[in-house]
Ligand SMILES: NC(=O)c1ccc[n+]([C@@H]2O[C@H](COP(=O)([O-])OP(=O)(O)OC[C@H]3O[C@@H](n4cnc5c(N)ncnc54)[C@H](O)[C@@H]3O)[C@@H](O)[C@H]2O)c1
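What follows is one chain in structure tokens, specifically the form predicted on its own.
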């Protein structure tokens, strides 16, 4: 594999699969070898647009092809675990869209399967590779913020409960949850990543379902809002706010699709604070607080940078930025938020250690 192109198969021809296909076309070291899609017209449209060598009627057919080295899983949430497990068992490296799984127990299985087989498991979080995130991370690595002690992670909407094909977004057995696992996971991961991915130790949270009247789907048994306070082993904490629907106040700007909407992250350090939107550094200069607007150094495509990191990890050139261990921590935090919300108590996070053998 070190001397030839990595052959990649995409599972699911929807919007995420299209983005991954788009950037694969720009990467010399890889080939978009195939696409698995059960919807024949969508599969044909995908073939015409992106030109994969093969189209498969389902992902198991793709996984049986020995020519495929790695797969990108772009399916509804409830299919992430079975598809990823089947791919690892077939000897394929895996890049999976978020959420990695429906819960931490499933993620333990994938982590251990990938480790046992010497394969890369990579969860898709292209926002980590965005120009703003890369510059913020660089400033943090340069110690411009000093010791980080607190972060605010927010993604809230006033009217934005998704339906999805067949209404799966609002059905817990197929989605794994509501606003938290859909958009809250993005906000939490952004803050946690910039904080250096410290080990979570406890969670106190509240989870709500208040807006049934806004849903037309047959089943609505997930939360439309979640609020959490997470402690880490290094003493830092993060506060998470996420909602699909809330009667948001007027300081929240109008979004393009979902009424009022705010997606933001602020990281507080002893020397400075950094906010992603508007992108600003708030820095102590000789005892005076100075506000410094920031501009990213480039506008490189985060999907392409993520794919390049995945492919380099497959070839053993560099570690994956989004690995199985981090995916497990992320799912442990989500599990603890749901448990704390249901019990009304703070929940400790016990490390799910690797098994021997």
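Note that the structure is a prediction, hence the values are computed from the model and not measured. Residue numbers count along the first chain shown, from 1.
Not pictured, yet referred to below: the form predicted in complex with this ligand.
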Work out which of the listed stretches, 317-325, 287-295, 24-32, 52-60, brings a heavy atom within 4.5 angstroms of this ligand in the predicted bound form. 52-60
Residue 177: touches this ligand in the predicted bound form, heavy atom cutoff 4.5 angstroms: no
With heavy atoms only and a cut-off of 4.5 Å, decide whether residue 80 touches this ligand in the predicted bound form. yes
Answer with yes or no whether residue 336 is in contact with this ligand in the predicted bound form, where contact means some heavy atom within 4.5 Å. no
Contact flag, residue 332 vs this ligand in the predicted bound form, heavy atom cut 4.5 Å: no
Could you tell me which one of 267, 74, 188, 161 places a heavy atom within 4.5 Å of this ligand in the predicted bound form? 74
Which residues from 125-162 come close to this ligand in the predicted bound form, meaning a heavy atom within 4.5 Å? 126
